[in-house]
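Listed next as structure tokens is one chain, alone, in the form predicted alone.
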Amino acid sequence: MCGIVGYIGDKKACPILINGLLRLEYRGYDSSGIATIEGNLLSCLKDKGRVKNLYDLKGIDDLVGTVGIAHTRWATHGKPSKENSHPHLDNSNHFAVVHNGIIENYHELREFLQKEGVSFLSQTDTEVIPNLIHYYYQKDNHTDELKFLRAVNRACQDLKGSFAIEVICQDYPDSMIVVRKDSPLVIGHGNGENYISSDIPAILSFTKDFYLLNDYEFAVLTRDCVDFYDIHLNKIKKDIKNIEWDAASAEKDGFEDFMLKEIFEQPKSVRETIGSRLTKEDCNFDDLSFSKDYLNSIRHIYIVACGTAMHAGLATKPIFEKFCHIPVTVDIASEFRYRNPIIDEHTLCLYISQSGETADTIAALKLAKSKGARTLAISNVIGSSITREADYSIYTHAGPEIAVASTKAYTSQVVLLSILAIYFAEVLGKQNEELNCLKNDILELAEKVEKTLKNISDIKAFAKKVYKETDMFFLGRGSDYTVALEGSLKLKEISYIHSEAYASGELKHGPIALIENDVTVISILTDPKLVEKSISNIQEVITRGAKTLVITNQALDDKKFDSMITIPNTNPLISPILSVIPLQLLAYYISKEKGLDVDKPRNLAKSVTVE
């Protein structure tokens, strides 16, 4: 879950590398470092702490090399420290490496290398890589231009686990080698220069032309070209993909934090995700080519994801079941892949990942494919790993999401999955007036999101009242329960306040024992069929002294509750797109009241690319 960046060109690498790291800090921020080629020698500067600390390192202003690699770390093996930060060098200082991923067999490799006389300076799994490369480099008696590549290739064949690696060598001062397996890596192509990054947004201001690597594809970069090789070192061709994201979308654009900017971008992301998929006359997924016979053959749909993306699956499960009449199971990817799920050719599996690089979700997808199921990926990143593994792919149009806590990606996922369910129903011939009404309601969503975002003063006021609390509870029924789960997660992620979400009907089955005087309970009420029962549950916590905040689109007596936020009315099936927004804002303003770093919460990273 670390971030890596690289540059080879005719400009000073150091400022470009640090700029890239600052944009990648949402992937990890325990420590950081850079390595450049200065003449024919490697220079490596690193330290624990945030990327901005690099500006204060002695010697950083003296770096003039035009080839370099850099890393911002989310610690796995070894605590955050200068010694454990990347880049790592081999004992002879011939090779410098940055790495994102986990080397599962590093203990065995470390023991092997120690027997060969190698000494280690860190506790990381990464340090075996440059030393293993050097081991094979020494064993190679040839002196041709591919010697560097052969050493990297042989070392990578010994590695078990996941990795995206950048390597520079003092003997090859005008080149760099990168390779990936199960960890994200993109190459940005420029004019007389090339860039490498874990994520597209980090280098989007430099280029919109990208090469996307598959597993065990090696790229040898010089200033003017990129040569690609497979694991057998046969040369292969790769096409450039143009990424249409606006570079400005990866900037704060006047907002104090990326999270706030991304919350307020939701009208646009909802509107663009609806895009060409849905009009009043048509629901278009021609790129999927799912026939009526195929959908009739499906006995079960799995929606598999992690965290917020999993909540998007929960929010849309009722739409698939109501209109398609196909049973749907929403599962956590890390559980799905280890419980031997019942899957066959009559199963359709949907996989949701904002980044398209979530390790558990990709592994769960591979499992389903091995059992004969068709797989469909829902991602925000064109060409991401999950979209290349899946049989089919569809995309949200949220644009780059930089804040660790997901907001606009979630609402875009719920929108896209809702439209997908409508498409399935129409292909199955189940079109009716209720389905047409849902389509019209979706088409009105962007405008209603805008209205919801205008109502923030009461949310700010409530945040000021409760930000010092240590426990909160979220309640909801039906689709409101899925929003409670997401609201609770947002609060935990960025404010570090313990919170729990419960289905309102479960309150008397245990959780009510936790309700006492002045505990805050947040309830979501948007389904008119369930309002009376939900109000009864709220009354039960009020009786026990709880402070209450109600998010609703119903005409309720606000005097019954401590605070009430009213949102626009819409179809209960898609109300999660609106009702989650006040909860996103509440988590944001509570975190700001506490003086926390909203965009980079402790211990978290944006893309979980390791198990």
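All residue numbers refer to positions in the sequence shown, first residue = 1. No experiment lies behind these values; they were computed from the predicted model shown.
FYI, the form predicted together with fructose -6-phosphate (F6R) isn't displayed, but the following is about it.
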Problem - Contact test in the model of the complex: Leu489 vs fructose -6-phosphate (F6R), heavy atoms, 4.5 Å - result: yes
Handout entry: Proximity of Leu159 to fructose -6-phosphate (F6R) in the model of the complex, heavy atoms at 4.5 Å
Key = no
Handout entry: Contact flag, Val466 vs fructose -6-phosphate (F6R) in the model of the complex, heavy atom cut 4.5 Å
Key = no
Handout entry: fructose -6-phosphate (F6R) contact at Glu493 in the model of the complex, heavy atom, 4.5 Å
Key = yes
Problem - The unique member of Gly383, Pro267, Pro173, Gly307 whose heavy atoms fall within 4.5 Å of fructose -6-phosphate (F6R) in the model of the complex - result: Gly307
Problem - Sole residue of Ser183, Gln354, Ser418, Asn131 within 4.5 Å of fructose -6-phosphate (F6R) in the model of the complex, by heavy atom - result: Gln354
Fill in the blank from the handout: Only one of 276 to 284, 401 to 409, 437 to 445, 532 to 540 has residues with a heavy atom within 4.5 Å of fructose -6-phosphate (F6R) in the model of the complex, and that stretch is 401 to 409
